[in-house]
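What follows is a single chain, given as structure tokens, in the form predicted on its own.
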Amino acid sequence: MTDNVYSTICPGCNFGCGLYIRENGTLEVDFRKSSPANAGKLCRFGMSLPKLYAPAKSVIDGKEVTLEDAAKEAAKRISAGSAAFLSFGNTTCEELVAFQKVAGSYLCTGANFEALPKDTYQTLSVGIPYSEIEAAKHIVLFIDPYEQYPLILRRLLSAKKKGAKITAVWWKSMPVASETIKPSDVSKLALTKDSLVIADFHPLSDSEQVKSVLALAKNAGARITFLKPFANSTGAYLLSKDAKQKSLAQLIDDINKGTIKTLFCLESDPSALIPSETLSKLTNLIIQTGQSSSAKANIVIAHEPLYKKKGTLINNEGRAQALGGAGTNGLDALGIIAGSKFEFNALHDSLKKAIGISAVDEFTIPKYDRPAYGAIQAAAKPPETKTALLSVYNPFMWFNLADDNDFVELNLNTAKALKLLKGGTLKIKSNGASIEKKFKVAPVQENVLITTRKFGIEKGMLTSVEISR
């Protein structure tokens, strides 16, 4: 059997890690050392990619059909009105440009830009080069790099080796940090113009918390960069910056009110972010994807997976990265829905024009305008942590994949107070639901439970809970 090898990009987050995917009866992942983003290293999600790529089949109301028939039926149901269009940025820039043309007036990329000052959009959309992280003198983390963006650790360790001080503003002590400040004590954080703040921006980000972090950096004259969770988040944000968007919260509200009856999702599993009771109120859920989805869709338009697509991704640094495939079935399906064929070359040219490049070259970071943003009306807001469940969002959660880390972390004092038994479980109650989970003692802040799993009782990043043995 002849192997098919694709030089491609990991879909786990927007870090932009290069890798090879080999089709050899099964899927295999190999390192790509030439990649400037990760130099061949991969996190445990990247190494788990063969589990992610479960092929999808085109269906209409449970009956298997061709891609063309599924796209035609989707077009018919969308044309009936009351439709919304959702894409988190898990596909190529070229498809996203076409998708915006299809979406018209109800586009949602998951990020709540509307709640944030317009002059911060570019800062939120495009991060700084990773080389600047390695050169920083003081780094402040508002993320857990171990769980959320593991490849950033190599840059942090390099900076630390050069003498950088690393401060973590987090609910748990981190080995890489020189000091840890509790989020409730963020007023103790000392920033200067030599500081570099690393946070993240995703569909479930609290807009007030984002503004608070922006204000902290602004007031100190410090640099700030936001990491992002989906393979082409930066591309999605750059290409939609002038488009009228709805927030995820607005979309959920409109579905609940019955204003939106049809939801079309492009390479995005809505069950990762939209409550199941909300999705059940839709008349039509349409998903166009290259991999199986956990959501129960009325129509699935199935085409090639990301690594087989022809197209471009933009990573968190702003690097334009070519995918290694030649497939355009996704674009073809969008053309059927739009009633007019999309030409790849025309879309590719519009992308290059939008970001100011003449050719896609992953070894060159384009020069992006990064305008200064004005004063932000926000104060550092310590999160409420009266016994709270902290959900640390990571690739496994976003992709609804099974993960071995099926436990919560808690403080030793909490374990003693509840008289928890080693190897036993912890009862967690919230929002009228109760679950039992295994636990692990870790250097976690008092009254906080930390999980990297999705339990179904969450209400945002921090959820008030009651706990018992």
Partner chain sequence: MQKGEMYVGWSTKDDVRKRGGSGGLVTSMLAAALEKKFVDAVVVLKKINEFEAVPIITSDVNEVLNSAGSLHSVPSNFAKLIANRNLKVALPAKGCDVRGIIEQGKRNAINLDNTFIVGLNCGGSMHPVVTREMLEVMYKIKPEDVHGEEIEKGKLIFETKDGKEHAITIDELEEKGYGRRESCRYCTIKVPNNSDIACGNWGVTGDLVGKATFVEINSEKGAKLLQNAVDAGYVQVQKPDEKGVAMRAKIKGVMEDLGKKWKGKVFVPIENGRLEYFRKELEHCIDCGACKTVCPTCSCGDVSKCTEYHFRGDAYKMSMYHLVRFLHLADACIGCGQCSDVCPADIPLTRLYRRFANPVQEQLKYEPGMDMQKPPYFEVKLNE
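Numbering follows the first chain given and starts at 1. Since the model is a prediction, treat every value here as computed from it, not as a measurement.
The protein also exists as the form predicted together with the partner chain; that form is not presented, and the subsequent description refers to it.
For the candidate spot formed by 5, 32 and 176, every residue has a non-hydrogen atom within 4.5 angstroms of the partner chain in the predicted complex. Using a 4.5 Å cutoff between non-hydrogen atoms, residue 454 does not count as a contact of the partner chain in the predicted complex. When the partner chain is considered in the predicted complex, residue 435 lies well away from it, no heavy atom lying within 4.5 Å. When contacts are judged by a 4.5 Å heavy atom cut-off, residue 54 does not count as touching the partner chain in the predicted complex. Proximity of residue 351 to the partner chain in the predicted complex: non-hydrogen atoms within 4.5 Å are absent; the residue sits far from the partner.
Residue heavy atoms within 4.5 Å of the partner chain in the predicted complex occur in exactly one stretch of 412-420, 425-433, 55-63, 23-31, and that stretch is 23-31.
The contact with the partner chain in the predicted complex, taken as any heavy atom within 4.5 Å, belongs to 153 out of 153, 220, 186, 338. Using a 4.5 Å cut-off on any heavy atom, the residues of 44-60 that reach the partner chain in the predicted complex are, in sequence order, 44, 47.
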